[in-house]
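A single chain, nothing else alongside it, follows as structure tokens in the form predicted on its own.
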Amino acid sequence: MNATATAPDLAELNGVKFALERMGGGKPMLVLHGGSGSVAKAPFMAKLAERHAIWAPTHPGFHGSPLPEHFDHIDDLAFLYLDLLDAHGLQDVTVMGFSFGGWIAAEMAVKTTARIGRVILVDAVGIKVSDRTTRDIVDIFALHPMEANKLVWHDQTRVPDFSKLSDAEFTAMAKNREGITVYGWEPYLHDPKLARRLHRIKAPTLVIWGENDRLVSADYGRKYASLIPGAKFVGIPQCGHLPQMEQTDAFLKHVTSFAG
């Protein structure tokens, strides 16, 4: 099936406005971006759209999208996207989330999988796996953005050169960082209760991780998968926090095989 993309719409649900990109055709897939912002224009998305009807929202508060006054918790995003599935009558949806978006996907799935057919978590944050004094996720707010970016990539030649970013790109990056602080400042990038709720996920789940992720380790990912009944863990070698960007072919192979 040929992928066809539409211009981003400004969706509105229960008074909340957010950008929503749709493309492709086939079984629906909800794609939830991470802290670096929308992935709708990334090359791997066009490949996914050859097999799936892609729904790719931009989280309120990211990329300059408006942040509702009452939005201040990860649950606000989880319920927003569950409402999105309800509003459009979507069934058997594959929900895939990257990093921060993986956290949202997990929060959605522990609430209900009535419309969710499969869950794919890619280098997701959201849980606490060690003791209270041990940090599971590198504190990106304590690092210069350039240093944090180095931890994201296994291949250091692919680390973006911030000196070449335009003013618009810098502004978008700052807005995305601001969005992360709204939902993940305290406690830092996790829900203290989520780990004990992951057993509620009734949909088949695939956990994909870059084996060389220095932001959130692969061992963290393995623990994440072990807490979800029947979940499969796949580690991708020579890969950091962004398998979809750094090892695109391997990433797509695992996703398309799992999502059918």
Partner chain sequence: MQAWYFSEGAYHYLPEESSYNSIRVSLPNAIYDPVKGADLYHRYLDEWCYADEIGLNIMTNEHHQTATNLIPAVPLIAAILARETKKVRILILGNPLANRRQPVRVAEEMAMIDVISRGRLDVGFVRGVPFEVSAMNSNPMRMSQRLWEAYELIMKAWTTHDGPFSWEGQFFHHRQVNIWPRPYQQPHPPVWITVGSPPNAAQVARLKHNAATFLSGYNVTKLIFDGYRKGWREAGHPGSGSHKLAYAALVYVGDTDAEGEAGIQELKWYNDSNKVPPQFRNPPGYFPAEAAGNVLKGAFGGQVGVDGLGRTPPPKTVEGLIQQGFAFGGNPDTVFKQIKKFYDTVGGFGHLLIMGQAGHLDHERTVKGMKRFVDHVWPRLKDELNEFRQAAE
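Numbering follows the first chain given and starts at 1. Predicted model only: the values in this text are computed from it and were never measured.
Keep in mind the form predicted in complex with the partner chain is missing from the figure; the text below concerns it.
Trainee: Is residue 79 near the partner chain? Define near as a heavy atom within 4.5 Å, in the predicted bound form.
Mentor: No, residue 79 sits far enough from the partner chain in the predicted bound form that none of its heavy atoms falls within 4.5 Å.
Trainee: Even though the partner chain is not shown here, does residue 113 get within 4.5 Å of it in the predicted bound form, heavy atoms only?
Mentor: Residue 113 lies outside the contact set for the partner chain.
Trainee: Would residue 178 count as touching the partner chain in the predicted bound form under a 4.5 Å heavy atom rule?
Mentor: The answer is yes: residue 178 has a heavy atom within 4.5 Å of the partner chain.
Trainee: Indicate whether residue 145 is a 4.5 Å heavy atom neighbour of the partner chain in the predicted bound form.
Mentor: Answer yes; at least one heavy atom of residue 145 falls within 4.5 Å of the partner chain in the predicted bound form.
Trainee: Looking at 145-153, 114-122, 96-104, 80-88, which one sits within 4.5 Å of the partner chain in the predicted bound form if you count heavy atoms only?
Mentor: Only one stretch qualifies here: 145-153.
Trainee: Let me know the one among 235, 64, 68, 26 whose heavy atoms come within 4.5 Å of the partner chain in the predicted bound form, would you?
Mentor: Comparing distances to the partner chain in the predicted bound form, the residue within 4.5 Å is 68.
Trainee: Looking in the predicted bound form, is the partner chain within 4.5 Å of a heavy atom from each of 195, 211 and 217?
Mentor: Verified in the predicted bound form; spot residues all out of contact, no.
Trainee: Heavy atom within 4.5 Å of the partner chain in the predicted bound form: which residues of 126-141 meet that condition, in order?
Mentor: The stretch touches the partner through 141 alone.
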